[in-house]
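Quick setup: one chain, the form predicted on its own, written in structure tokens, and binding and motion questions come after.
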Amino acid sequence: MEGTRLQKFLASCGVASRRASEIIIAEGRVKINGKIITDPAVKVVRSDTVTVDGKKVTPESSKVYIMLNKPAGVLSSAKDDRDRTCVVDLVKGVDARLFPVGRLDYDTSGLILLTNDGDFMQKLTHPSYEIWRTYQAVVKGVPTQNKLDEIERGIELEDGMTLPAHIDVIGYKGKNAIVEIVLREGRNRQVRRMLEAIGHPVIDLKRVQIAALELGELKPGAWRYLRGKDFEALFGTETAKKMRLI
């Protein structure tokens, strides 16, 4: 790892994505050879000892990529100070320091990815890559086409206007509609807030797809390793090859 920028080094160690690593560095949690470093551009050389929160970190020798069907009531986190169940707790028998890629709300179920590869996390979570995510929601009542068009155009929330999204009614559950919504943003509880804003609050919400990678028949709480075709579904064949994932 000769002459590697600190935030890239932390990502290669599976600490977090590059962007999240910059925050960790700015918070003064990282030391190189015992000295606190707050500049993410500082270079790390092979002989350096790097610690995060007092624990030594080293680059992962092998990369791990997992997809999981997160049940509602499980945190999208590696650990919790209140001892609640986290997505990482559901993955048994894997000898790697795993982190969730992005997040799903506590009461939302569905597809989430876990890895120890910071660069992989970066490409899936950074807004510049515009990864589309697909959700299915049972909502109260049945929205009119005019209401759906509001979401299609972008809707004003308390933290600003959302980007245009795709939404369709795909079924019904009693007097309530099942909608599918596809968006490329990841604000906190965004899908729930958008649907509430048009007067149709969410009853149940599940993420079923990231890019072209589908949750499929994976049961709640179950997981599996990603395969070559999965990486192609996430990034396309050429990009997956450049990332050496296939």
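What you are looking at is a predicted structure, and each value in this text was computed from that prediction instead of being measured. Numbering starts at 1 and runs along the sequence shown.
The same protein also has a form predicted in complex with a small molecule, omitted here; what follows describes it.
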Handout entry: Heavy atom within 4.5 Å of the small molecule in the model of the complex - the one residue of R189, R184, K43, K31 that qualifies
Key = R189
Exercise for the section: Select from the listed residues Q122, T162, T134, T108 the one whose heavy atoms reach within 4.5 Å of the small molecule in the model of the complex. Expected result: T108
Exercise for the section: Just one of 98 to 106, 162 to 170, 138 to 146, 122 to 130 has residues with a heavy atom within 4.5 Å of the small molecule in the model of the complex, so point it out. Expected result: 98 to 106
Practice task
Classify M67 as contacting or not contacting the small molecule in the model of the complex by the rule of any non-hydrogen atom within 4.5 angstroms, answering yes or no.
Solution key: no
Practice task
Look up in the model of the complex whether L205 has a non-hydrogen atom within 4.5 angstroms of the small molecule, and give yes or no.
Solution key: yes
